[in-house]
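Take a look at this one chain, the form predicted on its own, written out in structure tokens.
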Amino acid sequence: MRKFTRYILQKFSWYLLAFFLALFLNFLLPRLVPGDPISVLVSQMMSGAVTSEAQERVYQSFIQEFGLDKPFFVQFFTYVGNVFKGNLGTSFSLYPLSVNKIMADALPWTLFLQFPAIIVGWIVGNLLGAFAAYRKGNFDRILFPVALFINSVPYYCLAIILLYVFGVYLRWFPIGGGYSRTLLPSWSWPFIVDVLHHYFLPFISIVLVTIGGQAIGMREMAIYELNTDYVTYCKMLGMGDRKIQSYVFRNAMLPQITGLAISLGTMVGGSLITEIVFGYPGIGSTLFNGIRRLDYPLIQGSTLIIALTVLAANFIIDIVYGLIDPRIKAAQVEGS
């Protein structure tokens, strides 16, 4: 137990270092983009017959309010302090809305879209890949090229194809948004049905690509495990196929679990283009709008959530690996 605790602490220290590096880059990179977002904000708010002196006064007041008149490192440490207080700042482009409010509105949409799609795609893809490796024959010869083709299609290409065929040409589904603009968000059946109607195309575009990738990965790992020495040894001992398959499946699943953890960790921003194509109101679309409008706090809030989910997912999978993978347990003993 002491060795495992030390293993966790070592991992945590590395992830903590990665978090602070991500925090610095999260603050720095938006400010390297050319442009002045405050000028855009002032011009939008004061369009019309307004004197240049009045615009300058408003400009300077916003500069002071957002703390952009302070030195770079003072801004950075102020930002870090606010992050640890749970304050992500105020949006430039959607002033005076707070980034916390914008993220709270956008995050549920992304989780609602991404989480079920990733889980369904992961389960179906792994089952198909394992079945193809065991059965071989015509099923494998058909599944592998189909899965390879689907996996080779980027999310956004498949999204555009589905949108054109089923949204524009056949008109079976809406072409954008999370729900109809004529409806107000509520827990009523008409609104829920409308949300699911808008939800189907972006959901299925992510599921199909996920199934293709997981099926290929599981098939390759299962074939590799089926040809290892321990499988041959088990067969020589007369062990049943079901028992051997359970060993093969467990060993082949380890990389797939890693892939699932990474997919779950990156799901907040993993299908950015898919959300943009369908106009889906999630974190991806919010980040895109922040970049397009050079909205520093909005970009920082979106990328910070993405970074946190990626680091948390990888840290959790390291803990799980330390518990279930005998090779890591052996390394812990050797390192003691």
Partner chain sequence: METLKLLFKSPKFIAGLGIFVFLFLTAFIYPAVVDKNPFEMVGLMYEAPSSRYILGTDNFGRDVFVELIHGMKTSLIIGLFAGVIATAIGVTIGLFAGYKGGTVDNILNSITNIFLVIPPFVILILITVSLRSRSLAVMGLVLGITSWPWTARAVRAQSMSLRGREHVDIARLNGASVVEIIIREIMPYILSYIFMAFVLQVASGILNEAGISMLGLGPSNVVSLGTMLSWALLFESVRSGAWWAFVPPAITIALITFSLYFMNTGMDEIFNPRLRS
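Just so we're on the same page, rigid core means the largest C-alpha set that superposes within 1.5 Å between forms. All of these numbers come straight from a predicted model, not from anything done at the bench. Numbering follows the first chain given and starts at 1.
One more form of this protein should be noted, the form predicted in complex with the partner chain, which is absent from this view; the next part is about it.
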(request) Pick the stretch from 189-197, 123-131, 173-181, 82-90 whose residues have a heavy atom within 4.5 Å of the partner chain in the predicted bound form. (result) 173-181
(request) Classify residue 281 as contacting or not contacting the partner chain in the predicted bound form by the rule of any non-hydrogen atom within 4.5 angstroms, answering yes or no. (result) no
(message) Taking any heavy atom pair closer than or equal to 4.5 Å as contact, tell me whether residue 139 reaches the partner chain in the predicted bound form.
(response) no
(request) Considering only heavy atoms, tell me if residue 166 and the partner chain come within 4.5 Å of each other in the predicted bound form. (result) no
(message) Since only the chain is shown here, I'm wondering whether residue 151 would be in contact with the partner chain in the predicted bound form (any heavy atom pair within 4.5 Å).
(response) yes
(request) Identify which of 76, 112, 95, 156 has a heavy atom within 4.5 Å of the partner chain in the predicted bound form; exactly one of them does. (result) 156
(message) Pick out the residues of 202-229 whose heavy atoms come within 4.5 Å of the partner chain in the predicted bound form.
(response) 219, 220, 223, 224, 227
(message) Rigid core aligned, does the Cα position of residue 310 differ by 2 Å or more between the shown form and the other one?
(response) yes
